[in-house]
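Quick heads-up: it's one chain on its own, the form predicted alone, in structure tokens.
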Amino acid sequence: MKVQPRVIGWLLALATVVTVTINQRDVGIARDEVVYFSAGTHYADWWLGLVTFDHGFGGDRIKRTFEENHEHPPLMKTLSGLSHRVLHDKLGIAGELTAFRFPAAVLHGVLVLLVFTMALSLWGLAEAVIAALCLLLLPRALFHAGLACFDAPIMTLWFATVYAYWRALVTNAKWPWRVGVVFGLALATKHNAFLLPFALGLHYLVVAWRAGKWRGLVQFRPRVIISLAVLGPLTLFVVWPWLWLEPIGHVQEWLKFHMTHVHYNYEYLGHNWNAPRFPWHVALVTTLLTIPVATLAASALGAGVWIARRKTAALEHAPVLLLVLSAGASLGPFFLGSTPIFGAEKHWMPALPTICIAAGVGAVWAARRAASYLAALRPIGEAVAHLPRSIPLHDRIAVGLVASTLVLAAATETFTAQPYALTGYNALAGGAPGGADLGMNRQFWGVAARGVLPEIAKQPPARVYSHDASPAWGWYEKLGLLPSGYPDAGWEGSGIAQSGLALVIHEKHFNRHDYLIWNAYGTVQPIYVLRADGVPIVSLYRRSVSVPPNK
């Protein structure tokens, strides 16, 4: 029985949701998530109260609810809160952490489906399957997709906007209004959605000019532009009650917050960066060292195919140009040197779908070239080596072999990096050890602290200096990942002074914490070091009995 391509796409999407959901179970809690858990629960309760007529549209209630974490748009927080209320509180089919994170997992499945669908429409089934699998098998994207944060979801909503825009150009039916709504949802997910109009606008100018020169700029699919300009902001306004109170002022406040955002510490090539000017090549190098090597190689081939066929195989409405501009708009600001570095690849993840689609195109091209080359050599082989005529040289077999090799290689790099994917680097870098030798960042948000919780539980109860994991400490105890009797001791020097156990999460700018602990504890020897592929990521110390903690 022949399986319909659409069914294959949905199965890949389902496999993605399941994979992300399973993978996140071992991933520690990011400190940002704690804030989003709280805000999302309150947002969800407000919406549930509104639809059940428990309250109305009162401004005071809106202010009390949505003032919390109002510097970030509400969509993912609201969905996380609703998921928690339904899957955990009402149905009881998911743990608290999984329930909060489930919407992000679902959106990652949607992204895989959209990538599959677009690649299928433009190139074919083989390219679509490989592109979708390459996207699923990205170590860091898989990691981020399992967090109740915004970085993986904006990749989905960004690409969904690109896809809806492309469909609006191709069909000019129901899609023009959809592109505006999807763009509004992207705006309601994360602020870098404001970069999307640069890609879409430039692409529109090119295809409109092709369609009718100066007249085309006015008459070619004007509903698409109107939808983006009108329905986009309107959708953002509808889903964010905080804007209902003072739309202009609160939008200005939101944008100002991110334009003047604090520069986080980030280790790159052995140096700790926390102020401009930043290296222009950080996005390029980090991308090259974190995507599986097989995927990179296939995408380079795909890019070559696109370049070689730009004249002879130009597709209607320039979809390749659209994909390239989409990636460029995401990556571009990081080449300027003055953009804040917030933690590497998570801020230009919308470039990844383009890379994966190129990988699908490149892998199939390479397989078919290999098949044709071997077919040409077969007569020689038959004469010289007496090879049988039944040697399988069909394109499908060649594509299957290449795809299997690519997927296996990508899967190996992806799953060996979990659950500490931010420490992992690809084979080009030399894996996690090579990344550490190059002086690349090992982690962020205190996530890796979860790995030392079993070791802490083996020690006599004591206050714990939990370092960068402090915001999540109460959640670890609430979820049963840490028994009672190990309360957080507090922050910095006073916390270390009152603690009996202390952990240090290894980032370059945190090195001073080791010295503080050595001085306070009377020892330089950790009792346990959590490692990822041999790379130290968290050290756990126990106070010397000769140096009692401060009371």
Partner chain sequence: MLPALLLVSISLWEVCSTRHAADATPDDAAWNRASEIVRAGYRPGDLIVFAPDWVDPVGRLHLGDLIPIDMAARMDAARYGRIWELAIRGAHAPEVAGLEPVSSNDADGVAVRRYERAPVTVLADVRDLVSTAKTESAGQSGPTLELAEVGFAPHRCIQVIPQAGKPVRITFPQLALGSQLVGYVGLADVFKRRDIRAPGKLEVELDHNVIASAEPGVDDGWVRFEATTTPGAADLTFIISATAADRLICFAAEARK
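Numbering follows the first chain given and starts at 1. On a predicted model such as this, the values are computed, not experimentally measured, just so you know.
Below, we turn to the form predicted together with the partner chain, even though it does not appear here.
Margin query: Is it true that 197, 279 and 281, all three, sit within 4.5 Å of the partner chain in the predicted bound form, judged by heavy atoms?
Written below: No residue of the spot touches the partner chain in the predicted bound form.
Next item on the list: Spot the stretch among 435-443, 207-215, 111-119, 234-242 with residues whose non-hydrogen atoms come within 4.5 Å of the partner chain in the predicted bound form.
Entry: Correct option: 435-443.
Item checked: Answer option from 309, 271, 90, 174, heavy atom within 4.5 Å of the partner chain in the predicted bound form -> Of the listed residues, the single hit is 271.
Notebook entry, point to check: Of these, 427, 462, 94, 160, which has a heavy atom no more than 4.5 Å from the partner chain in the predicted bound form?
Noted result: By the 4.5 Å heavy-atom cutoff, the listed residue in contact is 427.
Check: residue 523 near the partner chain in the predicted bound form, any heavy atom under 4.5 Å?
Finding: Yes, residue 523 lies within 4.5 Å of the partner chain in the predicted bound form.
Margin query: Can you work out whether residue 509 and the partner chain are in contact in the predicted bound form, taking contact to mean some heavy atom pair no more than 4.5 Å apart?
Written below: Yes, residue 509 sits close enough to the partner chain in the predicted bound form that at least one of its heavy atoms falls within 4.5 Å.
Next item on the list: Mark residue 257 yes when one of its heavy atoms lies within 4.5 Å of a heavy atom of the partner chain in the predicted bound form, and no otherwise.
Entry: Contact check for residue 257: no, nothing within 4.5 Å of the partner chain in the predicted bound form.
Note to self: Is residue 252 near the partner chain? Define near as a heavy atom within 4.5 Å, in the predicted bound form.
What the structure shows: Looking in the predicted bound form, residue contacts with the partner chain do not include residue 252, since no heavy atom lies within 4.5 Å.
Next item on the list: Sequence order please: the residues of 236-268 with a heavy atom within 4.5 Å of the partner chain in the predicted bound form.
Entry: In sequence order, 262, 263, 264, 265 come within 4.5 Å of the partner.
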